[in-house]
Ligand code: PCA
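Just one chain follows, in the form predicted alone, and it is written as structure tokens.
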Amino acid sequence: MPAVQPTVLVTGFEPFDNDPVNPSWEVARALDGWACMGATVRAVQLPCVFGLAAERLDQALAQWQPGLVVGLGLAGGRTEWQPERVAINCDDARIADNAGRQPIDTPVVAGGPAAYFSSLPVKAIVQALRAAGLPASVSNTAGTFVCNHVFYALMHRLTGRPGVRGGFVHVPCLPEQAARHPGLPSMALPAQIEALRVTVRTALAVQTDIVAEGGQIH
């Protein structure tokens, strides 16, 4: 019987806040089935709803049993591809989610740790992205909306899955979104898809993050 290929699970979100498109899902689904370094990418769309997003994540983890998980989410106003360093145990929604839920100062996991760090090599990813000509930087805040909710839920789940690594990346708007909101920065879809390829490839290749010589990578 042939060996089962390792799986890289990539998640993206459905559109939210009256926007017809969400780049996180457009990027994720573009690489569904992509083979990289002996692993296969599987893309799953999450609802932009507190609680339900974590439940769908649980289903995807059970279905695919991934060795690596990369969550993607839109951060309107950001200019770069930004791997997140830390998820915090706090839901504090500025606006309602797609189901009208708007938790305020509520833990993602009751009794859970205050925060979890990403187990992706975030600095190595940024270095590789920049080397590929793609704007990138490490982010130290994933916010308190559904993106952080999923990021924290993911890292909490992975504490029970030894050897499985994961994290979250915030992505910029697409040009068509920026066209509807003048002044909003954007990154073209092909560039974002390539950024995901670089992210996955680097995460598979680098187990321990780099320490930048001559200064930090921001």
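Computed from a predicted model, the values in this text were never measured in an experiment. Numbers for residues come from their place in the sequence shown, where the first is 1.
What follows is about the form predicted together with pyroglutamic acid (PCA), which we do not show.
- The candidate site formed by 48, 146 and 170 is fully in contact with pyroglutamic acid (PCA) in the model of the complex, as each residue has a non-hydrogen atom within 4.5 angstroms of it.
- Comment: pyroglutamic acid (PCA) is not present in this chain, but in the model of the complex one of 108, 120, 136, 74 has a heavy atom within 4.5 Å of it, namely 74.
- Contact between residue 199 and pyroglutamic acid (PCA) in the model of the complex is not found at the 4.5 Å heavy atom cutoff.
- Within this chain, residue 22 lines the site of pyroglutamic acid (PCA) in the model of the complex, having a heavy atom no more than 4.5 Å away.
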